[in-house]
Ligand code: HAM
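What follows is one chain in structure tokens, specifically the form predicted alone.
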Amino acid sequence: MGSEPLRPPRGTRDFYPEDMRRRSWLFDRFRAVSRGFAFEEVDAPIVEHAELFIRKAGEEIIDQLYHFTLHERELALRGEITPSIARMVIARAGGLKLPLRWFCIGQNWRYERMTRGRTREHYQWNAEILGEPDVTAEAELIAALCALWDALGLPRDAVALRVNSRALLEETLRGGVLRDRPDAFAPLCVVVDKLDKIGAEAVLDQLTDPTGLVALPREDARWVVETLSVKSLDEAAAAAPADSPALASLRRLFELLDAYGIGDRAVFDASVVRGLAYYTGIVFEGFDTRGALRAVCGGGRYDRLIESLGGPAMPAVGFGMGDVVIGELLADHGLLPEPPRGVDDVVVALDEPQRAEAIRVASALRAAGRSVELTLGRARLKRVFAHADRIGATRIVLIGEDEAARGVARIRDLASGEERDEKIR
């Protein structure tokens, strides 16, 4: 066998025990914050019908799908969870009490170009509010993101949010360069979402490509790129239609964020449009303020997705944050922990005749809810003590001939060094 099958596919990861401890630590904080905001956990299959993604996700994710045919069925590993959530809502639409607050931590797959913080598989924390049209839903989700960053110990200024509105951009463009071409808006968003990745000139080239779906005149394309450079709501308002509902929603969102005490952690940025085709309103991205990483998270409103998949009209908004990029950010700030194994007791039979008694003691301790490692085979005490220290155990429980005869165990507290006899069972 060659070496290639003995390695995980490029862009995927093995999780050794220490990796699993870090992953569990992170997921525990995802769940704690979700519970704090009264979200309920859900999950969905990692394999879906490919059409679920192809119909609604947009050009970028379609090109990145792990897509295959099996028994004449077109299937795909999920590239992101939101279409699956929409499918689940449709299946029980008549019996769900709205609004829904759902979250999940699921593995996603995208065959994309890898960069730091971005692999081809990752676990993602998603939170969704479904059935609430008001901008209070966006504010609640952004507050949850900030609560997570605080729970991870990140400095307040380490991560911030860029906020925009696809609806505001659509109003502005359809009142101008796309007045006669409303169908070009969705593919235009896919292109301009690449602005930070490929730069303004490359975006201009794609917007003006005569064979593309946008095909703007160069002058109009340049106006679009200049519009995306706007960094204040007042500037955006100057180009927006009078009495713009999208502009009013953005202004209210920032007022709500001030009420949460996190207004300083969000800025308006007209260049944020998000590449997925189903976004309809406010969109947002978390970013590393040092500039070392790509987007830390992203989300927005997708009011028409459920209806477009055959379900009832239902407003919805959500976000996703991957474990890889947040892990890199924590490492950059020296905050990535090395969680201990969490073993309470190491139980040792000093000689083979005490093996049965050691087993009974270990069983009693486990029944009491303690984490117990029973030493197997013959072990030298010096190595047992070194091992117990290495794994962070709190006690060593020794069963020798004398202890077994008296029905006790010799317990050494590894922090204090104190020893005592104790009847375990």
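Quick caveat: nothing in here was measured; it's all calculated off a predicted structure. Start at 1 with the first residue shown and count on from there.
There is another form of this protein, the form predicted together with histidyl-adenosine monophosphate (HAM), and it is not shown here; the text below is about that form.
Checking 346 to 354, 204 to 212, 228 to 236, 110 to 118 against histidyl-adenosine monophosphate (HAM) in the predicted bound form, the stretch whose residues place heavy atoms within 4.5 Å of it is 110 to 118. Though the partner is left out of this view, residue 280 does not reach within 4.5 Å of histidyl-adenosine monophosphate (HAM) in the predicted bound form, counting heavy atoms only.
Proximity of residue 315 to histidyl-adenosine monophosphate (HAM) in the predicted bound form falls outside the 4.5 Å heavy atom cutoff.
Put simply, residue 149 is far from histidyl-adenosine monophosphate (HAM) in the predicted bound form: not one heavy atom of it is within 4.5 Å. Though the partner is left out of this view, residue 320 does reach within 4.5 Å of histidyl-adenosine monophosphate (HAM) in the predicted bound form, counting heavy atoms only. Only one of 288, 170, 332, 80 comes within 4.5 Å of histidyl-adenosine monophosphate (HAM) in the predicted bound form through a heavy atom, and that residue is 80. Residue-level contacts in the predicted bound form: of 191, 253, 325, 306, one residue has a heavy atom within 4.5 Å of histidyl-adenosine monophosphate (HAM), and it is 325. Although histidyl-adenosine monophosphate (HAM) is not shown here, in the predicted bound form the stretch 289 to 305 places heavy atoms of 294, 295, 296, 297, 298, 299, 300, 302 within 4.5 Å of it, in sequence order.
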